[in-house]
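Before any questions on binding or motion, here is one chain by itself as structure tokens, the form predicted alone.
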Amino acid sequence: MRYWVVGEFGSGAEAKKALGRLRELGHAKEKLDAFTPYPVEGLDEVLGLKPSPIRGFAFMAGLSGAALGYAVQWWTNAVDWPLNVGNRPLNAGPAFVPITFETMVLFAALTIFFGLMWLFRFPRPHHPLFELETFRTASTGGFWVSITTERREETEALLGALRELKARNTSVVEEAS
């Protein structure tokens, strides 16, 4: 059984301040999370999140796509079916640039899309916090902070800590495991 103790704050700065205070009180960064309607600068640093590996994957996929696009064009024009048109060289690099660029963008974009699906564990149609009626403000104007715990007896103390940090709404959501 897992419990989500959540509190709503009025702004991203208040949520960041609350998360910083919770970290100072000794709560592990793995148990803290934030839900905001838009990205809040510096929130990832407060949560202690590592940089996303997606950028590196996209860069490598883009390079691979560009190399593959160029290689296919070179193979088809210079080796597989050499055709002398206007006495141009068979390996005409400038003519290969548009397709090379497009395959680079395509491979990087597909890697980002499927990488995010994997990182966010899509498709996950349900999250326990969706059962909380007031949590709907997380997509419109509410800044929510959550603390997860395995023990029910900790939930009252965590609710008190969120109230001391001036959370507008607090609640506990139980997730059956």
Partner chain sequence: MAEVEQASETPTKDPLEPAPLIEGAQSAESLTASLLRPIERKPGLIFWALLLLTLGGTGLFLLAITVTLVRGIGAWGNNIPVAWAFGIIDFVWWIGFGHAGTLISAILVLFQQKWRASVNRFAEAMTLFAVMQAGLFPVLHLGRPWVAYWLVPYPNTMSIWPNFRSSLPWDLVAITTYFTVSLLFWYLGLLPDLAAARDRASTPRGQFWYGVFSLGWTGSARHWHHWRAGYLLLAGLATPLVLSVHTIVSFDFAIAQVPGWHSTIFPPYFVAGAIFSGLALVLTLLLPVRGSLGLNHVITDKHVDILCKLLLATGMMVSYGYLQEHFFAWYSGDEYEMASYADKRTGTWAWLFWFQMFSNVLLPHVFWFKKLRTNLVVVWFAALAVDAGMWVERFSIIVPSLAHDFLPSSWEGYTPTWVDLSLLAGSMSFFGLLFLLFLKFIPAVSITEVKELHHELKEALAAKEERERTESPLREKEA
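Model, not experiment: these values are computed from the prediction. Residue numbers count along the first chain shown, from 1.
There is another form of the same protein, the form predicted in complex with its partner chain; it is not shown, and what comes next is about it.
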> Would Pro125 show up as a contact with its partner chain in the model of the complex if we use heavy atoms at 4.5 Å?
Replying inline: yes
> Is Ala67 one of the residues lying within 4.5 Å of its partner chain in the model of the complex, judged by heavy atom distances?
Replying inline: no
>> Arg152 versus its partner chain, in the model of the complex: is there a non-hydrogen atom within 4.5 Å?
In response: no
> Is Glu30 close enough to its partner chain in the model of the complex to count, meaning some heavy atom within 4.5 Å?
Replying inline: yes
> So which bits of 55-89 sit within 4.5 Å of its partner chain in the model of the complex, heavy atoms only?
Replying inline: Arg55, Ala58, Val72, Gln73, Trp75, Thr76, Asn77, Asp80, Trp81, Leu83, Val85, Arg88, Pro89
